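Take a look at this single chain in structure tokens; it is the form predicted alone.
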Amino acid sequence: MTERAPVLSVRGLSVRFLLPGGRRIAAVTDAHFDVAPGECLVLIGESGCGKSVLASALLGLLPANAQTAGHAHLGDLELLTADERVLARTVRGRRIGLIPQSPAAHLTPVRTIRSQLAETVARLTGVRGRTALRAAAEQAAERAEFPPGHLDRYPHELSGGLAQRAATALALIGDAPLLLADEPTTGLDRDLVDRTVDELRRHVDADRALLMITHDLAAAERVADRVAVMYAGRIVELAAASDFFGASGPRHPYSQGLLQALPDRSFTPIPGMPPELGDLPEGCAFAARCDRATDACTALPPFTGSIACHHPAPAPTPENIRA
């Protein structure tokens, strides 16, 4: 059976911000990953590690002082070099559905949620007629569990959680091949978090994939097929979710620290603070916080396709999983 091409293929993606005085911020460095049809890849890491910058690069939403390198292929389209006309007309909404980190900033403040849903339905699906659009808008709201009684409200009249659900409803309308959810559970209680990520997961089928960015490890464990861990702008581990959250556990010391900081585990925080992205060390960025660090860590560890660490835990095998 022929292996299907990934929905999204990222190779060597880097983002630098140029600041006055010639200073550079290395927001994303040499990211490599694929997202396959039928897969949910969850990108996790502490705030400020570059996750949302990576998402903005894929959508062409970086500020003018950003420079990108590498490749990001969505099918046959190179996203990093596509012009704004292509991105606006054929990518955003149609080929990538975005659930933004700050939904209130992406909702039109002077229009009701119903009218914004109806406009998006008309633009992406071709549905016409007031009655048909009204019904389609209500179906879109129901899909994201947005309460119908709030459809005629304006964004400023919604709670953070309801604004998030409105943004989710808008993102799902186009049935895009790739759904990109950037912190989609912000402002939601635990029950609604579970229902939201379950709905996102239902978007995934034989032709569609989900890339979810989150710091919520419980949500990640609930829906992920694979997990990518980002630290100081680099992906440092890429693992099957069953291994990462299972008996074998993660292999990178930072990934292990993230899990051990959870309340249902040891509830032990990772010591120290992440480095500034404008002042990264030449070697491993995690070395100053790592109890495994040696002189070898003064050199930058290469990313092998699954991990970037000089001293990783052993790869999972049937023997060490049983142990």
Partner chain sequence: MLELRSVTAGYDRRAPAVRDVTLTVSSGESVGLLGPSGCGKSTLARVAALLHRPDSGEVVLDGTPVRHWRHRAPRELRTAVGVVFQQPRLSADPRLRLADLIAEPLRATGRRASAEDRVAELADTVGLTPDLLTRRPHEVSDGQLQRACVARALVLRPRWLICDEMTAMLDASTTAALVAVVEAYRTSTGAGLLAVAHDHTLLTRWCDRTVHWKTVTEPR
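By rigid core we mean the largest C-alpha set that fits within 1.5 Å across both forms. Numbering follows the first chain given and starts at 1. Keep in mind that this is a model prediction, so the values were computed, not measured.
Omitted here: the form predicted in complex with the partner chain. The next part is about that form.
Only one listed stretch (54-62, 260-268, 34-42, 291-299) carries heavy atoms within 4.5 Å of the partner chain in the predicted complex, and that stretch is 260-268. Screening T125, S159, T108, S115 for any heavy atom within 4.5 Å of the partner chain in the predicted complex leaves a single hit, S159. Between the partner chain and the residues P148, G187, G246, G75, the one pair within 4.5 Å by heavy atoms in the predicted complex involves G187.
In the predicted complex, at least one heavy atom of P103 sits within 4.5 Å of the partner chain. Contact between I307 and the partner chain in the predicted complex is not found at the 4.5 Å heavy atom cutoff.
In the predicted complex, the partner chain sits beyond 4.5 Å of every heavy atom of A315. When the partner chain is considered in the predicted complex, E46 lines it closely, a heavy atom lying within 4.5 Å.
Taking a 4.5 Å heavy atom cutoff to the partner chain in the predicted complex, the contacting residues in 16-46 are L19, R23, I25, G45, E46. In the core-superposed comparison between the shown form and the other one, the C-alpha atom of S266 has shifted by at least 2 angstroms.
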